[in-house]
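The data below hold one chain only, encoded as structure tokens and taken in the form predicted alone.
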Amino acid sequence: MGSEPFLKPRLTGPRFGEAEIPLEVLADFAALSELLLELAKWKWKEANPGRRRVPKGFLDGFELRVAKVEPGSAIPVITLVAPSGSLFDRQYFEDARLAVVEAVCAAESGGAIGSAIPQQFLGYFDRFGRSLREGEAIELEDARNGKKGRLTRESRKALVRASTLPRVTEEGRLYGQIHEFDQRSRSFQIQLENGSIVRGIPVDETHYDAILQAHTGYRTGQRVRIDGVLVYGREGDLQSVERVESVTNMDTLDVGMRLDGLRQLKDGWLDGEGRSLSPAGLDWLEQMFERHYPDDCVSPHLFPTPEGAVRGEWQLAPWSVSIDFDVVAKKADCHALNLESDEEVEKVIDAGSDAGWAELAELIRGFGGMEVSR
């Protein structure tokens, strides 16, 4: 049985910095394997006009395997395996690989996607790349000519929109209240922070009790976070939830929930003034809080500023602390005032680095912002 390197995609982003790949990302490559298989069959038919089917045994024993993961962010070395003496022809899979790379390049540059891959195959990108988060990419290169393409959240959406699928799915999260739960049909509705309602969300046994508890707490204002696979229309409108992966009851100061509310602000939100906040910047800030803000530190109250930043406020008597997060420049302007002595502390921190967030955490601790002190 032959086995040799076929594809070495490079995964970039904070989750891949230690040459590690989260398990949910590996599911994307199963979809890539299916896409390459179908494209190889299509390439064979193109080369053999008049033949409706590939020869029997053409794909016997075919497999794509991750042999190892190399450093450099994370680079899975994917090998193409087929039994010796089979009718398998590697050329058609290499042609399929090039077609995928060219389609990703076209989506990234705004070119003609359909000239690389027929429309009926583009639906596979609804699963390949679905786990990507803001700031992450899968870089693909064709070994024969060195052509490279970057699959990102945006280029993936362009590929799916060019397909025949009427929708686009994404892994994501929703914040809101469970205002209706139909135990007979095992489905619920969630009212989002902007007042809109998503209906017909399926519930399995794993999350049944959590949804029931959240529904019971609706009158007292209990809010939840739903993580799962979200379904969007071709114009980007949220339509439904395909699958619920986790349900979390939220604290009123939860950073993710507060930032989700800020996503709804439009230009002019403050009496005709006030800039909307960068969606990508809010995604970045949420990820940095999740990754770096210590559990033993008091959570801030978060507010928008008219300039398009996010202000965090901590009341840590006798100190009043505020930090303005510039979500575009990725910096934090810190100001603290001692309400008893009028002493002031000002500092600018690089919020785009791990060291900057460590400094920020120590700053909050220094003003008495540890949970145990509350």
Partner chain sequence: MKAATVLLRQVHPTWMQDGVATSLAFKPSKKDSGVLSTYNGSKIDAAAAWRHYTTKMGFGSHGVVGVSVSECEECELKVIADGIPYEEHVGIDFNAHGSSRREKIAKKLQASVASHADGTLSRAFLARAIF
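Positions refer to the first chain, counted from 1. Source: prediction; values computed, not measured. Under this definition, the rigid core comprises the largest set of C-alpha atoms superposing within 1.5 Å between the forms.
In what follows, reference is made to the form predicted together with its partner chain, a form of this protein that is not presented.
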Heavy atom contact within 4.5 Å of its partner chain in the model of the complex, the stretch among 337 to 345, 26 to 34, 39 to 47, 66 to 74: 337 to 345
Of the residues 179, 199, 150, 301, which one places a heavy atom within 4.5 Å of its partner chain in the model of the complex? 301
Counting any non-hydrogen atom inside 4.5 Å, which residue from 208, 269, 293, 218 sits next to its partner chain in the model of the complex? 269
Heavy atom distance at most 4.5 Å to its partner chain in the model of the complex, all of 111, 157 and 162: no
Given that the partner is absent here, does residue 253 sit within 4.5 Å of its partner chain in the model of the complex, heavy atoms only? yes
Can you work out whether residue 265 and its partner chain are in contact in the model of the complex, taking contact to mean some heavy atom pair no more than 4.5 Å apart? yes
If we define contact as a non-hydrogen atom of the residue within 4.5 angstroms of the partner, is residue 330 a contact of its partner chain in the model of the complex? no
Residue 55 within 4.5 Å of its partner chain in the model of the complex, heavy atoms: no
Quick one: which residues from 313 to 328 get a non-hydrogen atom within 4.5 Å of its partner chain in the model of the complex? 313, 315, 320, 321, 322
Spell out whether the Cα of residue 33 moves at least 2 Å between the shown form and the other one when the two forms are superposed on their rigid core. no
Cα displacement of residue 69 between the shown form and the other one reaching 2 Å, rigid core superposed: no
